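First, one chain by itself: the form predicted on its own, in structure tokens.
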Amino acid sequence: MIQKIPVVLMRGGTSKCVMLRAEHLPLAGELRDRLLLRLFGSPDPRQIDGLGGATSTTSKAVIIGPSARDDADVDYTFAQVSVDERRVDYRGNCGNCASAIGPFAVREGLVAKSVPLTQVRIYNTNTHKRIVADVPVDAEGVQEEGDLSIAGVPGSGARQVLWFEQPTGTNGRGLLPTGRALDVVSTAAGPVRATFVDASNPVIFAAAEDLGLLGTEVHPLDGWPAKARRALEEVRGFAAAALGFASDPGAAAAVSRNIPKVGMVLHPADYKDIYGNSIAADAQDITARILSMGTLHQAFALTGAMALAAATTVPGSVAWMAAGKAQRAALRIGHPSGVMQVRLRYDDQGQLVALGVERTARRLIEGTALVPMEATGW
């Protein structure tokens, strides 16, 4: 027999997200995970028998429902569905998918429409943090057409602003989980300077030059030196152990390939993006790359961008040194697809209280997914 599940496929920022109402799914647990794996066609490198797109940025599920909280309209759970493993990872949030939540909630009637902007208060259950999205709306409904272009997405769309409030300490250990602005990690490439921050998601950033890399790479990881690839996973393993996610650094991949994330930073540098466009050093405040599920992100994970922005506020961090050691209201990040900007909001004491981004989102298809029941046991 076939189980029919209402789905909406959306692009949120630079990710594709399968949007699911919580009421249409089993409760959280093994049964739900089996259903998601079958829905996406995992494990299979091509995800040929499911909705997945065979990359980490196109194998993402969003589970959404009304919130019982006074300070939120909807609850949002992010699920990273592994492409080639039988695993669904709920550690951490996806900021790009978060940009699909507001438009989805308005269209689904979960939030009352208000013209010209509808504010949607989102509670992310993965990180226990609140996101406030200002969604452009006209008399006909959610606006999708507009003049905002974001690096990594062809064309343009309607401007949506998201604020990630009180973003630090998603795992209860503050902005700096190790308590230090700078750590030196022993790796296959030698000692690597790194800064581990937890803002929107836990991310550890390494100094690109210590890895033996230029820091401006845009080609896939399999073209990178083996020592550098191994060193990046060793740096990520250090962070996983520091959070208590893994018993030791070497066990990180077996526990989660998604969280903590790992990236590298460099002072602003000239390079060519994946489209062959020249990106000038003076168009950036920092040059950075981030990995997603063990592969180079072709743009930049949104939560990773916010973690990087937060890291630039920490004196002595690798990001602070690469970006020029100055407190700023916005950070321009040079990544493989171009440049993106993160806004920083401070309180009267100069403490970081929110991180803001501009994104576009689009509803791609809506309909019914057909899932073989015998594959899930539902």
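Computed from a prediction, not measured in an experiment: that's the story for all the values here. For every residue, the number given is its place in the sequence shown, counted from 1.
What follows is about the form predicted together with another copy of the chain, which we do not show.
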| item | value |
| --- | --- |
| Contacting member of 69, 325, 345, 46, with respect to another copy of the chain in the model of the complex [4.5 Å, heavy atom] | 46 |
| Listed range touching another copy of the chain, judged in the model of the complex by heavy atoms within 4.5 Å, from 336-344, 38-46, 24-32, 61-69 | 38-46 |
| Contact flag, residue 57 vs another copy of the chain in the model of the complex, heavy atom cut 4.5 Å | yes |
| Non-hydrogen atom contact residue 369 with another copy of the chain in the model of the complex at 4.5 angstroms | yes |
| Partner contact for residue 276 in the model of the complex: another copy of the chain, 4.5 angstroms, heavy atom | no |
| Partner proximity in the model of the complex: residue 193 to another copy of the chain, non-hydrogen atom cutoff 4.5 Å | no |
| Residues within stretch 5-23 having a non-hydrogen atom within 4.5 Å of another copy of the chain in the model of the complex | 7, 9, 11, 14, 15, 16 |
